[in-house]
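Before any questions on how it binds or moves, here is one chain, the form predicted alone, in structure tokens.
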Amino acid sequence: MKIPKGFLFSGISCGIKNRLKPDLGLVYAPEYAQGVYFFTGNRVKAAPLLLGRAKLKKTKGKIKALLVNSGNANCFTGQKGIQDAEYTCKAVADILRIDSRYVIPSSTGVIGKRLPLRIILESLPQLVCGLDEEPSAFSQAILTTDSFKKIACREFRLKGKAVRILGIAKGAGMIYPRLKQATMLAFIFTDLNIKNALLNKISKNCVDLSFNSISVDGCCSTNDSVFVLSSKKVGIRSLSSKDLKVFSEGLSEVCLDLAKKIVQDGEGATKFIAITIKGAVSRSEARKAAFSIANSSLFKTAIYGENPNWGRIIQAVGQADISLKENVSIKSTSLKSKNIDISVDLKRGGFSWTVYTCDFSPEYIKINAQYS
């Protein structure tokens, strides 16, 4: 795996979850990185999101470090939660000898508990000492109920220069991102020197078609975040429209790869389902219909039981306030397969959208009944 230039990674276990499971990660850009950021649409936002958003506004998107913990969301913890997040940022900044304004926090885990500051602070020197170009430990440290690490990468050449994109994500439950300018976290790194305005435009489209098009359980997290960062280490004298298209396709592939991995790792999931709505009067209607199906518990349990009860699809689309005639067409690959494609033609217009989801199994209930 070839890593974008300009980034170092580290991950350790500090005891937030237990001493056997990695739960604290760090990304360091020694010469700064700049990018674009997308945060949850949930009205309740975790302390690290509130603090990070304020910092990024002041630094115009420039950062030097990302400090990420799992096992504790640091959400619904009031002003104390923001202070705790800032305290950890200042502590790691002191060790790295950088300005704490450029250290951004991120958290995932149980809501309503304050960060265990003592054990985090005691572990920061070890975390910093472990920084290197290998991202595996970091990708492990950000997981919660995930069953596997989620990494995607691409490398391509622009005007003879190698450009790399690396994506690292976590997520298995509480997945229904509604990201605005990933509980789902995604960190995407590139070394292409690209203007932030262009990166923002390209990233928005990539995020919309990937992370904003998945659902495991219809629950939008308080901590969902996507970071798209460039170290600007690979300079291209003049990026042509063809160059931008190649970069956009690479970024889109990384985002979609990660998004699909999140759904495939859905808590208790036995089926990966792609729902494509065709024949809608607008992209918005197609998306609305697809999500109404994807978030239907009746539909998801029917798929788990391999029961072709298409009435549940009709019900879900109608519930989305979309008028249907009886000429609607529903096609599906075998429900006995692990990967299922379902196509619904509304025959109302010329727009389409695809959403990715999974089934509901008894294991999903067991995992979430015991999660605390």
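Worth saying up front: this structure is predicted, and the values here are computed from it rather than measured. Note that residue numbering follows the sequence shown and begins at 1.
Not pictured, yet referred to below: the form predicted in complex with a further copy of the same chain.
- In plain terms, the part of the chain that comes close to a further copy of the same chain in the predicted complex, with a heavy atom within 4.5 Å, is 296-304 out of 246-254, 296-304, 226-234, 129-137.
- Using a 4.5 Å cut-off to a further copy of the same chain in the predicted complex, each of 76, 111 and 314 places a heavy atom inside that distance.
- None of the heavy atoms of residue 30 is located within 4.5 Å of a further copy of the same chain in the predicted complex.
- Contact check for residue 83: no non-hydrogen atom falls within 4.5 Å of a further copy of the same chain in the predicted complex.
- Within 4.5 Å of some heavy atom of a further copy of the same chain in the predicted complex lies at least one heavy atom of residue 324.
- Contact annotation: residue 43 falls within 4.5 Å of a further copy of the same chain in the predicted complex, judged by heavy atom distances.
- Think of it this way: in the predicted complex, a further copy of the same chain has a heavy atom of just one of 9, 353, 356, 364 within 4.5 Å, and the residue is 364.
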